[in-house]
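Okay, so here's just one chain, in C-alpha cells, the form predicted alone.
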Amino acid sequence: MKIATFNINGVKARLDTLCGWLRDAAPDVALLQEIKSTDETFPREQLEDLGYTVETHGQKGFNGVAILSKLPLEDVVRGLPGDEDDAQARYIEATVTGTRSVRVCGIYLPNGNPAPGPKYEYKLAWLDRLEVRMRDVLRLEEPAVFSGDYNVIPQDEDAARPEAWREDALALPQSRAAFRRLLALGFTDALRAETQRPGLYTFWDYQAGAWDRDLGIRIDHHLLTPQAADLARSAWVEKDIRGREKPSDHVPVWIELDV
C-alpha cells in the first residue's frame, strides 16, 4: 500500500496538477491538506473518475483536509477530538480496508504565526489534543499512520537555513518539544527511519527564489504506530513535482507499507 501526503494549497486552483499527479503516481491512498473547499464544492467527481473513493472535511476558502483511496474507506472521523468549539477543518481519519486494514489520519496542523500570540497558543493546544488522539490510537495496537502537514521543522537538519527560522512558530523550542513528545509515545518518523540524510525538504516558499535556490524545509511527515512501522518498506520525498507548472509550495511525501 503506497500512501502519500500532499498539501495541495487549493484543490480548485490546482485540480489539473492534482489529477495529473494521481494518474502518473497512482497512490493507493492520498491524504490532502489545505484543500480550501467546502465538502459541497469539492471536485469529487473528477477524482472519483480516476478510481478514488473521496472523503473530505472542508472549509470555505481556508484549511480543509481529504482522503482519497483506491480501497474502501470505513469509520470516517472528521475533526480532531477535544474541542467542540474548534471550527477549523484540519483533521480527518478513516480505516482503509485492504488485505490488512490501516487507519489513516490526515493532519493539517496550525501554522502558529505570529508567535507569541493567540495563533501560537492555538497551535500548541492543537498539538496537545493530537497527542491525546495518538495515545488513544496506540492503545488499539493496530497499523495506523498520522500523516500530513505538521507545520513543524523537527530539527535544524530539516531546514536549508535553520537560522532563518529561529523565531518562527515552525521551529520554536515549544513546537519541536511537542513533536518530540509525539515520537516519544512510540511513533516512528518514517522518512527519518529510512535515511538521516540532510537536504530532504517538503516545502519551498513561493517568494525569494526559494525553489531555485533549494531553500526548503521539511514539515510534512508520516508518523507510524509500531504496528505500521513493522510493515514499512520505504519512505521518500517526490521533490520534482515542485518544479512543474502551477505547483503547490509543498510536494508529496510517500510511504509504502507491506499490506
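From 1 onward, residues are counted along the sequence shown. In this text the structure is predicted, and so the values were computed from the model without any measurement.
Although it is not shown, the form predicted in complex with the DNA is what the next lines describe.
Can you confirm whether N9, N63 and Q207, the three residues that make up this candidate site, all sit within 4.5 Å of the DNA in the predicted complex, judged by heavy atoms?
All of them do, each having a heavy atom within 4.5 Å of the partner.
Quick one: of Q155, S101, Q174, N111, which gets a non-hydrogen atom within 4.5 angstroms of the DNA in the predicted complex?
None of the other options qualify; the answer is N111.
Among the candidate residues R181, R129, K119, R78, which is the single one with a non-hydrogen atom no more than 4.5 Å from the DNA in the predicted complex?
The residue in contact is K119.
When the contact criterion is heavy atoms within 4.5 Å, does R244 count as touching the DNA in the predicted complex?
The answer is no: R244 has no heavy atom within 4.5 Å of the DNA.
Find out whether any non-hydrogen atom of R90 is located within 4.5 angstroms of the DNA in the predicted complex, and reply yes or no.
Because a heavy atom of R90 falls inside 4.5 Å of the DNA in the predicted complex, the answer is yes.
Give a yes/no on whether A13 approaches the DNA to within 4.5 Å in the predicted complex, heavy atoms considered.
Yes, A13 lies within 4.5 Å of the DNA in the predicted complex.
Options 133-141, 111-119, 182-190, 158-166; stretch whose heavy atom lies within 4.5 Å of the DNA in the predicted complex:
This holds for exactly one stretch, 111-119.
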